[in-house]
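This document opens with one chain alone, in structure tokens, the form predicted on its own.
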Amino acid sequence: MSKNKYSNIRKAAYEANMQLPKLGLVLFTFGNVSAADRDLGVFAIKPSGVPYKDLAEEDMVIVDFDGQVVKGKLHPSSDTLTHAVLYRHWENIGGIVHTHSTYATAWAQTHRDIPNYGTTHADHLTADVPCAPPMSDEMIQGDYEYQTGFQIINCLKEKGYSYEEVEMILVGNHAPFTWGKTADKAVYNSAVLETVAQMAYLTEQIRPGNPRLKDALVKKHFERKHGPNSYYGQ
């Protein structure tokens, strides 16, 4: 592939997409990752319906923040407009992931937020993982993928969450979306979400009515990694 101005985001999107099956977050053609270039006003995203084993870097489709294809021979992911809406409204993200990973999707199908039961959750998020309410019939019958973006945005607004602090969500009856400053960080968040979802499910099986993690532990574990006086890591 010849070097061009889209090479970096194509490479980032391809490598991030290839992490999804390795991490057990997708089956067959389920899921997609995009990587954005804010200076160019575009993002690279997985083409629709192409198995991961058949993907190549040059297959990544370049799309603008209105969801229009800029460069690429294949059709972009069917979720492209959802990505476009989020990039247009959230200026500080550079990558988005959508999967149908088993445990996170199971929680989405129950319409439940994932409760914060332990320090693994608190290491990444002080809030519960939010679940956006199922989409209205009017939205479903309209521009479905476009409206999914607003379903996500509206849920965070209603709960008073910042997209820079809460980088993951469940879409009711659908599946999870995650995001981050880079595509790699969005993939990391997707793997964390699936792990937290599995742990919460098992916790409720082992002990129905299990108490939530107390506030002091939530604060301690989050701030030791992300607070102004953080001391986790090198």
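Note that the structure is a prediction, hence the values are computed from the model and not measured. All residue numbers are counted from 1 along the displayed sequence.
What comes next is about the form predicted in complex with another copy of the chain, which does not appear here.
Taking non-hydrogen atoms only, Glu165 never approaches another copy of the chain to within 4.5 angstroms in the model of the complex.
Another copy of the chain is not drawn, but in the model of the complex it has a heavy atom within 4.5 Å of His75. In the model of the complex, another copy of the chain sits within 4.5 Å of a heavy atom belonging to Gly49. In the model of the complex, another copy of the chain sits beyond 4.5 Å of every heavy atom of Lys11. Against another copy of the chain in the model of the complex, the set Phe28, Thr110 and Val192 is in full contact: each member has a heavy atom within 4.5 Å. If you take 201 to 217 and check each residue for a heavy atom within 4.5 Å of another copy of the chain in the model of the complex, you get Tyr201, Leu202, Thr203, Glu204, Gln205, Ile206, Arg207, Asn210, Leu213, Lys214, Ala216, Leu217, in sequence order.
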